[in-house]
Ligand SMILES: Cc1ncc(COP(=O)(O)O)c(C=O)c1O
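Okay, here we've got a single chain as structure tokens, the form predicted alone, with questions on binding and movement later.
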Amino acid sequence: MEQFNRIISRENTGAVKLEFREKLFGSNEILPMWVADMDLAAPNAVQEAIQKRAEHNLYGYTMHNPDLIEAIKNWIRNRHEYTINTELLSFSPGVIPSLHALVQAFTNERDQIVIQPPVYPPFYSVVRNHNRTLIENELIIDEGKYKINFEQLEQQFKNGAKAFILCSPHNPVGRVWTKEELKKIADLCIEYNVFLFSDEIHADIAFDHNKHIPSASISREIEQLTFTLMAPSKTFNIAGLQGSYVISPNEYLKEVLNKQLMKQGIMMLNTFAYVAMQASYESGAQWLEELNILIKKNADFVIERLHTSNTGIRVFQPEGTYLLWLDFRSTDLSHEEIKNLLQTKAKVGLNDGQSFGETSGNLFMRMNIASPPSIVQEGVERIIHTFTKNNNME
């Protein structure tokens, strides 16, 4: 755990989290707690594997090797109790490029595609940029927890939806969907013949009794409709190396997907993406166990501090991911007022909740807590000081 207490400067490394502070928040003094990568060093095994490969001073086009395929299979089986057919794996630089390919390959213009706001902003553009019809199955808050509106979802499937993009675990609300919930989704997809594009990039980060279940593992029937999108990028903080993969339902659909990936020119990864992916899955298990303990402690700290403050800010209890969904509805401030206070007074950079859904994200913000505890504590104290002061002024 000591490794996660070390503050590592990311200045002058081209880190998006820092480089865009001025543009997005109006100041370079902002404490960045937005982009979904970590301010924590990747496992030593990853660095060592990259350095070893870098010593061979030829960096031409590179293919994956059988050991990587086996590492992926073993990781998913050991961690998520799902045995995959490795013949159905396809590589791409990231989950979002994969989603673009899936939308193009398996739906037509004006086809209806369902997403679940508040949700990761690129889901919107993945649908709209290809002239598909966006259908919103907005999550509902019930007893302080986000749940799926299954009645509405079934009606949307009945109305002709061709595909459903599931975020599992869910970004930004932190839900780890239960087996019961996933079975309901599966049953509806099967009944109405809806493709399930399951973004499971946060699969490895779950807390307490919550356990990620791959959507395709629910039944043989749903497996034949599900494209599972996974990556070690969020898990091991290697997103900048750009490596992910898709598990297709069968050989025919894999071939259709591969043709689309080839059209987009994204079927081959860079040399170091393959190396990092293999090292992560072969040697990163213990590092991940310690990471999940840290993230849970950070989450508990933020929740406790905010809930016992008089700011009116609340946090939805995360079941997974290193992202917190902050609820400002009880502050009696407008969304713009909240943003202004965070940026100009607290000087903390959070993701604007409205980017996850104009209505469902109004009066919400997303906080990234994958940082050393001292950084998370500083961010929270800045927010509490600012919003407490604001309450006192009223």
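For every residue, the number given is its place in the sequence shown, counted from 1. In this text, all values refer to a predicted model and were calculated from it rather than measured experimentally.
Note that the form predicted together with the named molecule isn't included here; everything after this is about it.
Candidate site formed by 94, 167 and 199: every one of these residues places a non-hydrogen atom within 4.5 angstroms of the named molecule in the predicted complex.
Of the stretches 255 to 263, 271 to 279, 153 to 161, 200 to 208, only 200 to 208 has residues with a heavy atom within 4.5 Å of the named molecule in the predicted complex.
Here is the short version: of 49, 36, 40, 346, the single residue with a heavy atom within 4.5 Å of the named molecule in the predicted complex is 36. Using a 4.5 angstroms threshold between heavy atoms, residue 226 stays clear of the named molecule in the predicted complex. Though the partner is left out of this view, residue 234 does reach within 4.5 Å of the named molecule in the predicted complex, counting heavy atoms only. In the predicted complex, at least one heavy atom of residue 171 sits within 4.5 Å of a heavy atom of the named molecule.
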